[in-house]
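Shown next as structure tokens: one chain only, the form predicted alone.
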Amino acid sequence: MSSTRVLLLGVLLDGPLHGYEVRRRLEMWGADAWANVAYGSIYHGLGKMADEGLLHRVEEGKGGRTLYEITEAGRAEFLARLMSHWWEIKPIVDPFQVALTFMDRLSPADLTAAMKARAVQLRAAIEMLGRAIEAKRGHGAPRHIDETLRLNAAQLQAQLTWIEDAVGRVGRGELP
């Protein structure tokens, strides 16, 4: 919830919003792709942070729509967590690392096929991120949000470069 908490508080820095508006902004930014935001947790997170005094419920409108506003305690929480995200390096949890651990359990033919299939998926994902960056330009997303997509594309490109090299090493009997 730490990253989701920072995102929710950060979105509310610009002014009070309904939960739906918070969700729409995060969707526009593509946060599902780079922050692992479960959109169902947005409403729960907003309510929990309001109970903790980080947000203030400004009004409850028709249909149960609540307008949330960040408090001074919420601003302090946002800044503290934001700075910790800048200063702390945490491992990227990727199930692919588990697959690499057991690459020796596959035949060279199966391993090569799996690597080539992953390379196809990586190329498609990189291309999709490029299209997403272009599409966001016309929808009012801040330019700095594109950088999250660029970083994601660079990480995928690094994995693709590794896989393309590894396929050759499997073919030469150097892996696994």
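Since the model is a prediction, treat every value here as computed from it, not as a measurement. From 1 onward, residues are counted along the sequence shown.
Not on display, but discussed next: the form predicted together with another copy of the chain.
Another copy of the chain in the predicted complex is not approached by residue 39, whose heavy atoms all lie more than 4.5 angstroms from it. Although the partner is absent here, residue 135 lies well away from another copy of the chain in the predicted complex, with no heavy atom inside 4.5 Å. Remark: residue 11 counts among the residues lining another copy of the chain in the predicted complex, judged by a heavy atom distance of 4.5 Å or less. Proximity of residue 122 to another copy of the chain in the predicted complex: non-hydrogen atoms within 4.5 Å are present. Screening 67, 33, 28, 50 for any heavy atom within 4.5 Å of another copy of the chain in the predicted complex leaves a single hit, 33. For the options 141, 58, 128, 113, the one in contact with another copy of the chain in the predicted complex, meaning a heavy atom within 4.5 Å, is 113. Within 4.5 angstroms of another copy of the chain in the predicted complex, the stretch 85-108 places a non-hydrogen atom from each of 85, 86, 87, 88, 89, 90, 91, 92, 93, 94, 95, 96, 97, 98, 99, 100, 101, 102, 103, 104, 105, 106, taken in sequence order.
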